[in-house]
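Consider the single chain below, provided in structure tokens and representing the form predicted on its own.
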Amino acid sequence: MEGLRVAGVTEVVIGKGMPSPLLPKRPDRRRVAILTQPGATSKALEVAGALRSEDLLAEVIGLPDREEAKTLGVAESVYESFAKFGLSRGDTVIGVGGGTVTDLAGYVAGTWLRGVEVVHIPTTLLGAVDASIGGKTGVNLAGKNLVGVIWHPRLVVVDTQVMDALPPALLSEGMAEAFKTGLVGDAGLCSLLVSQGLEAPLDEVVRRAIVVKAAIVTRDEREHGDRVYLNYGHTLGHAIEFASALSHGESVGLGMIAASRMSERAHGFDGMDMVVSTIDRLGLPTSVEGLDAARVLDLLRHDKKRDGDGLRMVLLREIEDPVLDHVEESDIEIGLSAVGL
């Protein structure tokens, strides 16, 4: 299995199957709370069985599906489960599932007893290449991820056998995040997805995307510089996601198209057609109907990347050359019009 380090804190292990033992030895660890959602229950039970064979107490805590898990109410119920289980400072939380699971698992681990160890085992491509790595955690409140902490996992285990069995919708979602990573940091990964789409080899997509994110987060853990570039397509994408029934990957794909139109106008970015055709090839929508543009704009007014001078957005001068700009509402409207809003 291949290993990478992120920010000097997280070990990322990529390969087929699970490492044995699963967790690095720690003498004060007695209990492990495993958070999961319905689609990943079988993997969570497999993890629980492996931990019990290592003489650890393991409890599986089920969460609501998708974004319904990312609320303060759900976090409170998880804290109550931790208390009943007797989870102590020497113990561990494991998130098994997609990006919403790792977001919530990281948040409750980072705030329970002022911080306990967290480990992520992503079961979606989106979780593997993005959500599980970098320590960003959070829940939704009046907007996407407005409540959260930076809390790095001790370990991330990416089992590529799980990725090989993903249904098409989840594969497409994860490819959207991988494509974003290529646009801002790896022209070779970008070219791979442009040419092969969903047929691109998953092992290579996962490894290249994680290498880019690991390098950026290691340089800029707290998003004071380069890390902000990983938000390409996400500012508008998060607002679209929060205002609609679209998935994260679908919304980010639309956000990248809108940001590409804005990049074209502001910086002469010449990849707009490539971005649209690749999003389409990855099985994601390139426009949206029935969504209120005014609602999206209102959500952007509460975006956490806003400062005293207005909203900041990541745009592209060219592939691998992102820039952070302050944008006007008229610029945003031009971007939204590129996706039918």
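Owing to the predicted nature of the structure, the values given are computational and were not obtained by experimental measurement. The first residue of the sequence shown is number 1, and the count goes up from there. Throughout, rigid core stands for the largest set of C-alpha atoms superposing within 1.5 Å between the two forms.
What follows is about the form predicted in complex with a small molecule, which we do not show.
Not one of G73, I150 and H152 places a heavy atom within 4.5 Å of the small molecule in the predicted bound form. Put simply, L166 is close to the small molecule in the predicted bound form: some heavy atom of it is within 4.5 Å. Within this chain, A109 is remote from the site of the small molecule in the predicted bound form, having no heavy atom within 4.5 Å.
A residue is said to contact a partner when one of its heavy atoms sits within 4.5 Å of a partner heavy atom; G62 fails this definition for the small molecule in the predicted bound form, lying far away.
A residue is said to contact a partner when one of its heavy atoms sits within 4.5 Å of a partner heavy atom; P38 meets this definition for the small molecule in the predicted bound form. A131 is the sole member of A200, V212, L171, A131 with a non-hydrogen atom lying within 4.5 angstroms of the small molecule in the predicted bound form.
Checked against the small molecule in the predicted bound form, the candidates T100, T235, S251, S260 yield a single residue with a heavy atom inside 4.5 Å, and that residue is T100.
Screening 252-260, 137-145, 265-273, 75-83 for residues having heavy atoms within 4.5 Å of the small molecule in the predicted bound form returns a single hit, 137-145. In a rigid-core overlay of the protein, H234 has its C-alpha displaced by at least 2 Å between this form and the one not shown.
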